[in-house]
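One chain comes next, on its own, written as structure tokens: the form predicted alone.
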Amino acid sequence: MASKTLYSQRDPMLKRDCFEDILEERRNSSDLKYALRCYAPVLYKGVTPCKANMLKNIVLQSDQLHYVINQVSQESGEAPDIIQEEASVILEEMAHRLQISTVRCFAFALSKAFKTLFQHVCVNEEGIQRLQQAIQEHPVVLLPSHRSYMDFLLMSYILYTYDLALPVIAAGMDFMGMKFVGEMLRMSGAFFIRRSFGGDKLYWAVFSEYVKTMLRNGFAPIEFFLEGTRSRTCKSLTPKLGLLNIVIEPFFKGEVFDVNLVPVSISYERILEESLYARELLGVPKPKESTSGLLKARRILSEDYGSIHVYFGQPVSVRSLAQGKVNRSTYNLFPRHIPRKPMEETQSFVNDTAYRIVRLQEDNMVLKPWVLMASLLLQNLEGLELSVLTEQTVWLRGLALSYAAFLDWPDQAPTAKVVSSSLALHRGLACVSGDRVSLVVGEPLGPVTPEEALFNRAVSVLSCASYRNQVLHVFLRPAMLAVAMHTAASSKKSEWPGLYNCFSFLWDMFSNDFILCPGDTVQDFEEACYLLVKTGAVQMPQQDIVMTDIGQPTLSFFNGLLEPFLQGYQVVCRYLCEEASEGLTEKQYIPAVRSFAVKLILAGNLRCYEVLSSDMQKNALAALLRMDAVRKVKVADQVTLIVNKMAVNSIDDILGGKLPTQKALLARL
């Protein structure tokens, strides 16, 4: 089978895993034979597969669940038998019913679909071999990135292809409502959980015991998305800790020797939902999952979505990670079956682990040339000459590689051909007219209002931004330092505390928009300095930071990269200070900010369409809440936002280029 190798530039001697295109064999052999082939995966320490009914019985008879049932019975006054029956109903609604016949049907259907949709589906075989070994040694938790509905189908398809144990997959209840398809997913290994269950003690007990039973017994790898939901922006989302807490707890309690966490990075050259995501970010309601909607979506089969790269990372041992960080002996002070809230050191460990796993996902994302081109086009919304775009893409490629980007660039193809093929694949987003490349704006069917024209333009920009966002993790830290240098407007040693202050402020401000590991501010500042020096953008004579003659294009690009986020947060600050009413509710906030931004754009006072993104607006509010510039107060059934206008104005000033005045420790360099 065809394979190719990508290299990490962080260490010239470090070789990336080889990729194999698993569709190549599918194109040259029978899909029916593939689906019906002998499937005999090796399981954890030789255990035999567990039937769904047996698994449910183990859960219902567990000491942990009986303890909670008795608790709920005492609190509610209901008989334990009635509570036990409720638990049984919850488990029946939740549990998977994996059947190999259904898996084979999916294998056949997905082979047909993938060959139509994608040119290649590339998998790192060394990662597969590591996973195969890990599954036999300890319970395994698969943690894929989440950018598309396709992710969990793709994961099961790959494991079936390589004769690995199929995972049981945490899925939202939305899918269960899909006639026929919901049950097909259940019989392929999906178990369904409610999006939120608040203080429902019984539901939580059934859910957590179900997951832990599967993990303790090693019946199958467990799979869930750390981000909780699909990222509509293609940036990594802040990790959710609920399920991670559950799968790590058996190790803390000594019920398993170790747990292997396997980060999986799924990279799409072209995302199936790109325009759907853009519309959702602009306030168009997300379509409800339905079988009829799935059938209507068949038209996507006529499109070309390029390649997918799936990188199975090195298994991460929870035992090794916890060494010296968590004192497990404290878990021996209480009976194992009594539920307890995680201790502070445990919660800190789980939070740190979650961030590290998402960073590993980011590091192993395979980037295509289009993400570089999209980054350049978004800083030149009026368009670029094709020759200039080609020249700048080559320059940006070199910069990305020097920063250890995992870039898939055809080695033998001329640069002009690489650029033209990328434009052809993404012709719905960018077009060449004459010798000029510009973003495509959907053609209206008739006369449109200025607001509708603005909406069409915003869809194009946000769709393009979803590709630029895929490379942000590579450039983020030096970009924040570039913005800090621009803001501090000084490179003298005496101003370094101000420069670090500014970097630290941006780090804190954007920690909902990007994956910035808690406590890593100084380390990230040092990394930013190192990378800018490495590529010659700055020099550090006697620990001054000085921009070099050749550094201007790099620093200018980095400033432009973060400009939409700076402007977006400033618009939120302006709205809260100038327009927000006293009784602004949390539900009113996003429509109101969007309306305010629309007015600014239509009046010619704002050119940044990304400000209209609900994701950016939510993250800006989260930052202001964290910084105590805004507070939430519950009044009746509504949550009202209380704005400290002085604090918000101060933040707006800093974002606009005024240096923070508070003292800060000097970063080590």
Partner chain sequence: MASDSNSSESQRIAQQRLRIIAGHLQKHKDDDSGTIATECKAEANKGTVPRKRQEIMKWNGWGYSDSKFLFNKKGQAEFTGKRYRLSGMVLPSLQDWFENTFGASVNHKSPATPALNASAVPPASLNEAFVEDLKATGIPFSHEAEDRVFRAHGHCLHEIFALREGKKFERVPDMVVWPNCHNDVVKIVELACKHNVCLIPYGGGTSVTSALECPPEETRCIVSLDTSQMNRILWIDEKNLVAHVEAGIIGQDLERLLNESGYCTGHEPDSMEFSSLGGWVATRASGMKKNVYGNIEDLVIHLKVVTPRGVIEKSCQGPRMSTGPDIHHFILGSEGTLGVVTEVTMKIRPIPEYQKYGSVVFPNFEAGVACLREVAKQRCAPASIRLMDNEQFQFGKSSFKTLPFHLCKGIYIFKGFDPHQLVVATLLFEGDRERVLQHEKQVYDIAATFGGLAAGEDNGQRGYILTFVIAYLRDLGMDYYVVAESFETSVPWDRVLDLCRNVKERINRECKERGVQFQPLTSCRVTQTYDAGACVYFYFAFNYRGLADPVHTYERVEHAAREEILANGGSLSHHHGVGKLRKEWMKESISSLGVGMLQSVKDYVDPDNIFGNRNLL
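None of the values given here were measured: they were computed from a predicted structure. Positions refer to the first chain, counted from 1.
Beyond what is shown, the protein has a form predicted together with its partner chain; the following relates to that form.
*Exactly one of 634, 607, 45, 33 has a non-hydrogen atom within 4.5 Å of its partner chain in the model of the complex; which residue is it?*
Filtering the options by heavy-atom distance leaves 45.
*Work out which of 304, 508, 183, 258 lies within 4.5 Å of its partner chain in the model of the complex, going by heavy atoms.*
If I apply the 4.5 Å criterion carefully, the residue I get is 258.
*At the 4.5 Å heavy atom threshold, is residue 254 in contact with its partner chain in the model of the complex?*
Contact check for residue 254: yes, within 4.5 Å of its partner chain in the model of the complex.
*So in the model of the complex, does residue 138 come within 4.5 Å of its partner chain, heavy atom to heavy atom?*
Result yes; residue 138 sits at the interface with its partner chain in the model of the complex.
*residue 112 near its partner chain in the model of the complex, any heavy atom under 4.5 Å?*
Close contact is absent here: in the model of the complex, residue 112 is far from its partner chain, nothing within 4.5 Å, heavy atoms only.
*asked:* Contact with its partner chain in the model of the complex for residue 332, defined as at least one heavy atom pair within 4.5 Å: yes or no?
replied: Close contact exists here: in the model of the complex, residue 332 approaches its partner chain to within 4.5 Å, heavy atoms only.
_in the model of the complex, does each of 319, 328 and 336 have a heavy atom within 4.5 Å of its partner chain?_
Every residue of the candidate spot has a heavy atom within 4.5 Å of its partner chain in the model of the complex.
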